[in-house]
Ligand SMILES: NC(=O)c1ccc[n+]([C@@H]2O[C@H](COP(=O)([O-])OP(=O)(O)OC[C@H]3O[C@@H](n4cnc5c(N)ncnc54)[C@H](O)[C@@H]3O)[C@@H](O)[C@H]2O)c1
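Shown below, as structure tokens, is a lone chain in the form predicted alone; questions about how it binds or moves come after it.
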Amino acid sequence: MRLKILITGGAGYIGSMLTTKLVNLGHDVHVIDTLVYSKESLNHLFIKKNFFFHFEDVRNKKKLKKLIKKVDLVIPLAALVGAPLCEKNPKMAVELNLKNIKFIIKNLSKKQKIIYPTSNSGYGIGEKNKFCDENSPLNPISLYGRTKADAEKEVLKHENSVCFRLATVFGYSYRMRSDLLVNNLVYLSLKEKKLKIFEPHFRRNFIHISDVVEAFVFAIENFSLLKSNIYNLGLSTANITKIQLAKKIKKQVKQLKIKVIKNRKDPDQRDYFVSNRKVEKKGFKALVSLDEGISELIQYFNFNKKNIHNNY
């Protein structure tokens, strides 16, 4: 079924890959974005007649309201992503990550659908030897985590909604980022041939960007099966500690030296393993392994020397 879809922030790290997939599947895709981080991430789509680009800030309520009325489904990706960026721009973080979501929900009709990506960073610090599931209490330890958790509550007020709590994403994108943990450690491994790891026992779940895109497609095609619910979205075999991740990279970057720094705190204090069983029981399972993603990133960083404009 051909849908009219609005993606806010559709030129970003996840957005550029998702937009491309949905356009290629034949949907009419509207993107609203200010192209802050990349002017090129959607260039390959301008030839497509079912792709519509709107160079505008999502905080332009008149424009956003007009676009919402045109579509069947909204995927709001426009946000300040990551704890450091939100701490640097707290007012904008609240405007984009929370107030903008409230505005979108307010202007959706009952028939219109929304798929919202939040973050499993809301789990904060999980219990030892226990996986966080969708019923685990949220304990966000950053402004970023708090805005995303609060926005999720707003989205769930709309019956035709699906929320994905994303694990830490890795892999190549048309709008590349090298500040995400896996991407960053691979980049530093190649550039400096050494890694300094703080608090190596900290746990995290990961997911390849192509699996994130496939999950959105799955949700669109199985919306009635998933609606009015929250799902953790990660790779179940990628619940690992930071030191385990570093050792995985070392298997492919043989000359890498890993140094554990003691008595120094990681700025990101998140520490949890995540259960993805709920979405897997519905029929979706992430498939791209960390080893495959590390191999992809090694090739990308080795052969692409241009500067990457990161979030922070």
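Numbers for residues come from their place in the sequence shown, where the first is 1. Worth saying up front: this structure is predicted, and the values here are computed from it rather than measured.
The same protein also exists as the form predicted together with the ligand; that form is not shown, yet it is the one meant from here on.
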Each of Leu96, Pro117 and Arg177 within 4.5 Å of the ligand in the predicted bound form, by any heavy atom, yes or no? yes
One residue of Asn107, Gln112, Thr168, Asn139 in contact with the ligand, assessed in the predicted bound form (non-hydrogen atom, 4.5 angstroms): Thr168
Report yes if any heavy atom of Val36 sits within 4.5 Å of a heavy atom of the ligand in the predicted bound form; otherwise report no. yes
If you check in the predicted bound form, is Val58 within 4.5 Å of the ligand, heavy atoms only? yes
Contact between Gly9 and the ligand in the predicted bound form at 4.5 Å, heavy atoms? yes
Do Tyr144 and the ligand come within 4.5 Å of each other in the predicted bound form, heavy atoms counted? yes
In terms of non-hydrogen atoms within 4.5 angstroms, which of the given stretches 238-246, 79-87, 194-202, 153-161 touches the ligand in the predicted bound form? 79-87
